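Consider the single chain below, provided in structure tokens and representing the form predicted alone.
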Amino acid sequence: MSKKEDAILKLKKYNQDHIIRILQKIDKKDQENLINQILEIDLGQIMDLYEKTKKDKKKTTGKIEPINSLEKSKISKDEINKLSNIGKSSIKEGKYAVVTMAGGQGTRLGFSGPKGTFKLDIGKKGKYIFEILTETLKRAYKEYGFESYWYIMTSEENNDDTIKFFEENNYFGYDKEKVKFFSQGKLPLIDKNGKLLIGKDFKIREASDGNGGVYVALEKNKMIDHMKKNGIERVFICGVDNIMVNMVDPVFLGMTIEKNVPIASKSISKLYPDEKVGVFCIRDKKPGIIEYIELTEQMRNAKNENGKLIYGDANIVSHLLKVDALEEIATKKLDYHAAVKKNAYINENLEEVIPTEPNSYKFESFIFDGFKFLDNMAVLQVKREEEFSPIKNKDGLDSPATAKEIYCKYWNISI
């Protein structure tokens, strides 16, 4: 049986006959590319995920309990010094590394290109997001006389552009031998009727599988092997869009080492009960994050004896994991979440259709979906104005303008 016949049988099995008809209308080279893609994709997995979108979702699953966090500002000076020394020793010994998840594009910012290459109006010449992150690393490592490995997760969509950007900018003075790029996985897009979308390139449209894909991507691309080979024991994982992220915090690292937990995360205090952020919790005796919509009104407003919100430790995607924990989670199946998006496609007449309303599902996992496979975690609460200024929207809240304001105020830069 030919590859084409195999592909057609597979498409028929999963009711994707529209692709068969498109297949007959495109030229031989495009046919070959599409056939190879069909044979590689796990259509059974995608259809299972599609079927789950039809089921009623419970607001809260499992027993939810609050998690105890430690406020960095309330740690004594002696304890700070002790933890800092522990962390510094680990850094100087080369046991620490950083992972930045940078697979996204700057579409929501009205920008064409990898999000990390977006330039903010800071200083006389402006600063790229990647430039700011590099400066943060260089500033920290100058103190220790040692530059750790920096693993940057890209996507198939932006990998080449990201690497080219770093090369054109001389890695902003960072040791290029210490920067390792790797790509995350992807999953097909499917419309609300369970039909795969075909793009203008006559391929099944796919999208990155979310930041939870970092575990498998690290394993698949041999980055975990590289970490172990180089004696790295713990890695800090963050997103690309927070320009205030403190990627090398010896106090945080020291706390994690002293508590000997597989994972520690940083949090910030919720501004008010109804702030729409995920918060750290214990779910069925395992560490995790509960999304805003899962919190009942009582949980959102509950306070402790000091008047602080019990469910008030907001997630800022600043996580520190043991390499062994990364390796363990990489062997597990994470949950996928469906997001409804607008995605263009070609119809059976090979005409492009640009929808005016969300028409399809994108499936993604989140990095915190892996926490449930670990026994315990530590949470260090830090100050919002010192470590959190995300860039997500073109205007308004969490925009380049708000990020610039926070960044310039912290570093005493004239606006």
Ligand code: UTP
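Note that this is a predicted model, so its numbers are computed, not measured. So that the term is clear: the rigid core is the largest set of C-alpha atoms that superpose within 1.5 Å between two forms. Throughout, we count residues from 1 along the sequence that is shown.
A second form of this protein, the form predicted together with ligand UTP, is not displayed here; the remarks below concern that form.
Considering Ser90, Ser183, Asn315, Asn211, which brings a non-hydrogen atom within 4.5 Å of ligand UTP in the predicted bound form? Checking each option against ligand UTP in the predicted bound form, the one that comes within 4.5 Å is Asn211.
Could you spot which one of Thr107, Asn304, Ser76, Asn260 gets a heavy atom to within 4.5 Å of ligand UTP in the predicted bound form? Selected option: Thr107.
Partner-proximal stretch of 233-241, 119-127, 324-332, 286-294 relative to ligand UTP in the predicted bound form, 4.5 angstroms, heavy atom: Stretch 233-241 is the one.
Consider Val245 of the chain shown here, and say whether it contacts ligand UTP in the predicted bound form, taking contact as heavy atoms within 4.5 Å. Although ligand UTP is absent here, Val245 would stay clear of it in the predicted bound form, with no heavy atoms inside 4.5 Å.
Ligand UTP contact in the predicted bound form: Met153, any heavy atom under 4.5 Å: Contact check for Met153: yes, within 4.5 Å of ligand UTP in the predicted bound form.
Lys372 within 4.5 Å of ligand UTP in the predicted bound form, heavy atoms: Answer no; every heavy atom of Lys372 is more than 4.5 Å from ligand UTP in the predicted bound form.
Indicate whether Glu387 is a 4.5 Å heavy atom neighbour of ligand UTP in the predicted bound form. Result no; Glu387 lies far from ligand UTP in the predicted bound form.
Under the 4.5 Å heavy atom criterion, name the residues of 331-358 that approach ligand UTP in the predicted bound form, in sequence order. Residue within 4.5 Å: Lys341, and no other.
With both forms fit on the core, has Gly278 moved 2 Å or more by CA between this form and the one not shown? No, the C-alpha moves less than 2 Å.
Once you overlay the rigid core, does the Cα of Thr107 travel 2 Å or further between this form and the one not shown? Comparing forms between this form and the one not shown, the Thr107 CA shifts at least 2 Å.
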